[in-house]
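A single chain comes next, written as structure tokens; it is the form predicted alone.
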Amino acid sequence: MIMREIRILHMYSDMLDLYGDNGNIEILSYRAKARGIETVVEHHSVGTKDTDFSSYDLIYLGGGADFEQQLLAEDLQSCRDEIMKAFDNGTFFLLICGGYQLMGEYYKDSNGEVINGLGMFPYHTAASLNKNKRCIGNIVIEAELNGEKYKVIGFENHGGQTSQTDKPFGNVIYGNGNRFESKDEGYFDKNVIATYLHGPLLSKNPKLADYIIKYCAERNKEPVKMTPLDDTLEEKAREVLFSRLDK
């Protein structure tokens, strides 16, 4: 019997899907359904009218290149007040790469063109003017979820260098992070995870997926029991990935 429902707004799914980022929604839906939690996924694209952002438990933006960010920036700005209202009302935001950059103060691309961000969070991003110089490869960070340290693994490929992230998602163990050879990665607050990690992120990090599901299922509701799932396969895959990085 379906006892709970999580409403998800997938923004610009037709434009922001680098390295399988749309798979994050599939992972959330699968792991929620295994616990009797229904997921309703709706979409906002350029030109969509009258989106009620505050009616969703989770708002998701994936990664996109400079071109896609330029195309959607004006539409995103037109929704700023309603998006800010949703955040203030406790809607959870999961932001990957381009989605991460666009929620900051601004993003300056590799040609020096400035794309205004929503200014929801205090960071800003400037891409390297050398288009061949990028933060690229596998990455591992140590994040803290409900007081427990958890190694989050993913793939990064970004020329953007993000600064003023006073609340990083995690500490870099392997890879670059927010900037070339930085010690911090992403941005993390009470109801936002913003990160450069692709992969898709949640297929490699089941505990992170469950952290988001629990938050969304309990938002404005009674606590929910998160029945453990059989993650044997996922954990074995993580072990293989970690072992490869050690070589």
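Residues carry their position along the shown sequence, with the first being 1. Computed from a predicted model, the values in this text were never measured in an experiment.
Just so you know, the form predicted together with a small molecule exists too; it's not on screen, but the next bit is about it.
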Query - Location of the small molecule contact in the predicted complex, chosen stretch of 136 to 144, 76 to 84, 164 to 172, 151 to 159 [non-hydrogen atom, 4.5 Å] - result: 151 to 159
Query - the small molecule contact in the predicted complex: G63, any heavy atom under 4.5 Å - result: yes
**Report entry** Distance check, Q69 to the small molecule in the predicted complex, heavy atom within 4.5 Å
**Finding:** yes
Report task. Please check if G98 has a heavy atom lying within 4.5 Å of any heavy atom of the small molecule in the predicted complex. Result -> yes
Query raised in the report: Does I25 reach the small molecule in the predicted complex, with heavy atoms at most 4.5 Å apart?
Result: no
Report task. Report yes if all three of R31, F93 and A194 come within 4.5 Å of the small molecule in the predicted complex by some heavy atom, otherwise no. Result -> no
